[in-house]
Structure formats: structure tokens, C-alpha cells
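Next up is one chain by itself, shown in C-alpha cells, the form predicted alone.
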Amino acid sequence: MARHLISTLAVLGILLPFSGLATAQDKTPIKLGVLEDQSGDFAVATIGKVHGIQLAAEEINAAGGIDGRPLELVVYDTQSDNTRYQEFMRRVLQRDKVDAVFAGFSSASREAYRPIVNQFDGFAFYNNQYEGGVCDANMVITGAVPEQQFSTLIPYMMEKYGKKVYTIAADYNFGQISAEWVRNIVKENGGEMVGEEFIPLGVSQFSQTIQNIQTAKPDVLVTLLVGTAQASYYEQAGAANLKVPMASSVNVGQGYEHKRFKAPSLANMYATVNYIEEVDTPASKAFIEKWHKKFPSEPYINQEAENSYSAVHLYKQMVERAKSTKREDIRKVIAQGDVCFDAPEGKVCIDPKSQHMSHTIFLAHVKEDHSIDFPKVWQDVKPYWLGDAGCDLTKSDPSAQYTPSNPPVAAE
């Protein structure tokens, strides 16, 4: 039998601690499905997502729930396996009858379950940084997107280090589309792509890739590597004395490689993140304190954990304002354009056209000793590309994913 539960919440119907004063008419639990990878290749980066959801749900229940109704979490371990996402998405929507689903790390997993969400008219939150482009009324996406991460990162790196760029990326939709964004931004800024490689998931040997980079002599190396196997690249590159400045939208902010690997293997890595635990603000410090009170052994609080925490609070606001858990009612609230939350990173808001989220973007720089500094911070960066390109979920719902080379047709 598949190992799929990380708690007894789902099988026993146990609610998180609740102190609401709900009446008999309105205390029916609001059920949230949680499909995340607690095991397998992606687990290092994703266990914190479940913890973020649990922390937010506990806070909400302690404060009286959502309009007096407690939150109940139905949690499954998807084991870094796309077929599990499909299996469990059908289960939570058909059998468990959840009101919303929080699901997915990789873009491949999201695209595996998204047609099922559409088929059963579900409502899903994808709380992960990704390659952008999903225009789907059944989805709210809280993770950062290329116009927030690459449009800030790549010009900064080219100005600081030079215009010759080499990309190594995971060989699936995330890596392929992200690399397209990098190519376009490099060209727009007068740069040159001197190399590009796509690495299959699960690959952990990089000697040929390192030789290729050494031959190409780039000024900037963009690393878009995913999972524990591909993260082996950094120590191998360090052993080969490869010292090209690195830029990433995923590393550090997701897999906290600067904590997991011995210095200086990630030295001179620059990553655009919407949150990591090194962010030194009062809001971040308060968040970290309450997080470690509940999860004292958590190795690291990454941006996906913070996104997941914020998403639950945003969902609470949506439901309370809509006075309903129905997707069509919630979407009317989103369409007003003022669904916002004071998150640990700063204020975030949901864009009504694309149902993506604005972010504070921190440029995290890994130093020789693997400590972090932030040479630049961009405030309130909007997820503008989809809306500018023609996606407007307040008018139509194509339920599609677009890319810079395949943009949406502007609504008539």
C-alpha cells in the first residue's frame, strides 16, 4: 500500500486545535487537501510547505477558524511521483470532498494534476516558484515567476560580471521554459548565450558539464537545477575549482544548498528569492520564532514554506469575504484586486487577471563561508507578464500555460 499519510488528521478526521464559538449551523469543518512530497527526490525542499500550512491552520483555528468554521487538513505524501499527484488529486476531490487543495512542487507535478482539478472544477493553490505562464481560473499561484526573478537577476549579473551567459537547467518544462526566459533577457540586454544544457532529473554526475563550462568561459552561470540528485553539481564544481559567478531562481531559496553543502561550493551564488530565513526584518524574525516553537527541528525555512503559510491566510480572507467556499464566489473576491496579506516577506497581493501573487524580491548572495547577504531588494514586484500578454481571468478562462514564444491571444 502506498505510504501516503504523514499524520492521522485525514484518516481519523481529527481537527487542528480550535477555539471558535461556532454555532451548530456553521461549525462544519472547511477541508483543505495537502498534496506535497514528504519523501523522494524533492522532499528536502517540500516538507516545510506542509509545516507552513499546518502552522497557518493552527493559528487560524486558535483565532476562531474561518467565519467560525475550523480548518481540517487532509494530507497525503505524493512521494515526488507525478502519478501519485493524479491519484491523490482525484481522491481529495472525489472522495474526501475538500474545499481547496494545496499541491505540488515541480511544474511536472502541477501539469499532471491540473487537468484533474479542471475536470472536477476544483480550486487549487500552487505555492511554488515556477517558470510562469499558467492562466487558469481553477488555480491560485503564490510562488514567484520569471518577471519577478529573472527580470531582476539577469540584468544585475550581466552588469556586474559580464555579458557571456551559460545555462544549466533541469530537463523538463520548468527548466526548458525558464531557459527561454533567460535567453530572451540576455538578448534584450546585449548579452550572448555561450552555452545551454538540459540535465535529466536524477542525474548526479556532472564531469562533462563542468568541462563544457570551463571551455566556454562564461561570465555568468545560470543554474536551474532541481532535486537532491542534481544538487550534487555544486560540490563537484567546487572540487573542479570552477569559480564562475552563479545565478539562480531556484537554488538557495528552495533546497538551501548553502546550508547543506560544505563551503565554499556555493560561494558567489546569487539567487532571487521572495523569502528565506536569513531575511532580517521584524516580521521575518517573529515568523521564525513561532515556526521553531512549533517545529523546533526544522532545518531551514525556505520560500515555498513561507508561500504555503501565506496562502492559507489568503484563502481565509477569500472565504470570509465571499461568505462561501465555492470557487465562483471566491473568484469574485479575487477580481476586486485587493486580496492582500502582510506576509513575513512583506505585503503580498493576488493579481486578479492572472491569480498570481506580488512579492518582495531579495537578491540573496552566498559568501565564501556560505553566509548570506542581500545586496539588493526589489519591493512589491508584480506578476505582470501574463496580464500584459493577454491573460485576464476576470473575462475568460483558457486553462492553459503560455510561454514568451507562445503568449496568450489578448481577450477581445
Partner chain sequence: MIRVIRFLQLGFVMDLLYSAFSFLYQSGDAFAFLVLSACGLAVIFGMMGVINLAHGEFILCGAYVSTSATQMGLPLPLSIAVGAGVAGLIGMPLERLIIRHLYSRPLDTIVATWGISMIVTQGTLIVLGSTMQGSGTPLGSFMVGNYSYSVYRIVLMGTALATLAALWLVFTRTRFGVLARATIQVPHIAQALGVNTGLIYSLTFGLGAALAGLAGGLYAPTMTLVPTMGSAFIVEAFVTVVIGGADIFLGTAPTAAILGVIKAALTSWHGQLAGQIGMLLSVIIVIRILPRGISGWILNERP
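All figures in this text were calculated on a predicted structure; none of them were measured in a lab. Numbering follows the first chain given and starts at 1.
Another form exists, predicted together with its partner chain; not displayed. Remarks below refer to it.
What stretch, of 148-156, 203-211, 325-333, 285-293, brings heavy atoms to within 4.5 Å of its partner chain in the predicted bound form?
Correct option: 203-211.
Is it true that 198, 215 and 259, all three, sit within 4.5 Å of its partner chain in the predicted bound form, judged by heavy atoms?
All of them do, each having a heavy atom within 4.5 Å of the partner.
Within 4.5 Å, heavy atoms only: does residue 40 come near its partner chain in the predicted bound form?
Heavy-atom contact with its partner chain at 4.5 Å: present for residue 40.
So in the predicted bound form, does any heavy atom of residue 235 sit within 4.5 Å of its partner chain?
Taking the distances in the predicted bound form, the answer for residue 235 is yes, it comes within 4.5 Å of its partner chain.
Might residue 111 be said to contact its partner chain in the predicted bound form, defining contact as any heavy atom within 4.5 Å?
Taking the distances in the predicted bound form, the answer for residue 111 is no, it never comes within 4.5 Å of its partner chain.
Residue-level contact is defined here as any heavy atom of the residue lying within 4.5 Å of its partner chain in the predicted bound form; does residue 171 satisfy this criterion?
Close contact exists here: in the predicted bound form, residue 171 approaches its partner chain to within 4.5 Å, heavy atoms only.
Counting any non-hydrogen atom inside 4.5 Å, which residue from 44, 349, 363, 381 sits next to its partner chain in the predicted bound form?
By the 4.5 Å heavy-atom cutoff, the listed residue in contact is 44.
Listed residue (317, 118, 86, 228) with a non-hydrogen atom within 4.5 angstroms of its partner chain in the predicted bound form:
Exactly one residue meets the criterion: 228.
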